[in-house]
Ligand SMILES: C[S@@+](CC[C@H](N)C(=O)[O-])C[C@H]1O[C@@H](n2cnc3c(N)ncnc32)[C@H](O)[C@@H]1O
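The chain below stands alone and is given in structure tokens; this is the form predicted on its own.
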Amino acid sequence: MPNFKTKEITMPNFPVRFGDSDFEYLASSGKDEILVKVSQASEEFFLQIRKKGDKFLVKGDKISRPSQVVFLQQALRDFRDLCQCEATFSNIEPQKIKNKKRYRVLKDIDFFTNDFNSNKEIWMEVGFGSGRHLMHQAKLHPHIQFIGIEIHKPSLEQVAKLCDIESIDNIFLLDYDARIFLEFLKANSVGKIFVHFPVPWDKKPQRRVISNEFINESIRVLKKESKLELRTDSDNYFNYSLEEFLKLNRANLQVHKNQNLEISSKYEDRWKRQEKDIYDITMVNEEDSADTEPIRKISFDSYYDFNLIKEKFSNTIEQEGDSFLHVEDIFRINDDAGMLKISFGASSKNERAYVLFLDKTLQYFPDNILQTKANLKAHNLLNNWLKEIVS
């Protein structure tokens, strides 16, 4: 994570532009955390400042991180120079900064809710890593749209760069939770779903990609006779996943051990050298599914006075069924503006965001919270909590 440390920060008057960055405002919490809002090109995100001993640590905020690390690096350099910081540590020096290029295959969730052509056949890979398998399939099937989902940003940027170099234009890459993403796809629109070597999460099984919910969403989006392919080197994950698949009332499953594919990932090559067993579970979908309404962004219908929120704020957890809302912290921007830090959604696949009270408007930041089933329940919990506070 790009960051720098400094003993002193001379804060400017906001808003201010410096270098390539617009620094719009500062928000401070009661927990000695400061966030600085940055706009750069079409990116909007926060820098986070925390006191660590006798130094300040300045880095990117995890909740609002930009699509590519190069934008964060530039913002940190601009902020360091603007505030006349003498860095005692820095990993954002010019020789370490990549060319600021926005890769055409790298998309955000707005693209899939507004611009994506879902009438053309889709194949999808969850956790593509080095991208060997994803790119191989895309080259073999240029008439098919490939969606690659990965939360490891270096992998995203590396594969995006390779797609540019090799002029591959039928791949779309996304940093998002694959378990939630399936809800955005139309029924019977996907030809294949690949889940190759997912993280086993033996100590945190709730974070696993394969679950009863994921399997059922896969059935909804898969075309009839299309397949979900799981490939794993983990005995535990194989046994757990097979049990999840067998919970279906009816299932067409194929199980293989130590099968060779046309292309293998670097991890698979490593497992083979170590003579580890590799398992495949393939589920063939036999159902036609009814379509659902397209998923839109969630917005607020009412504005609530931030001063009242500020006076009565307390760290709160609300629960309804499997959905929850955790109001973690409150930040002050000025006398009438501020924001809440929240986590919410389903307990097994939660999201994090800020709720921004600014210019008499109320919105989520980042502004990409969508109407998934769990998010809608959590949004209602938040609205009820806000109403109770201001009443």
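Position 1 is the first residue in the sequence shown; the rest follow in order. Note that the coordinates shown come from a computational prediction; the quantities given were computed from them, not determined experimentally.
One more form of this protein, predicted in complex with the ligand, exists but is not displayed; see below.
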Close approach of residue 317 to the ligand in the model of the complex, 4.5 Å, heavy atom: no
Heavy atom of residue 229 within 4.5 Å of the ligand in the model of the complex: no
Contact of residue 149 with the ligand in the model of the complex (heavy atom, 4.5 Å): yes
Touches the ligand in the model of the complex: residue 116 (any heavy atom, 4.5 Å): no
One residue of 221, 135, 178, 85 in contact with the ligand, assessed in the model of the complex (non-hydrogen atom, 4.5 angstroms): 178
Among the candidates 112, 300, 304, 267, the residue which, in the model of the complex, approaches the ligand to within 4.5 Å (heavy atoms): 267
Segment assignment from 280-288, 191-199, 161-169, 304-312: heavy atom within 4.5 Å of the ligand in the model of the complex: 191-199
Heavy atom contacts to the ligand in the model of the complex at 4.5 Å, residues of 200-227 in sequence order: 209
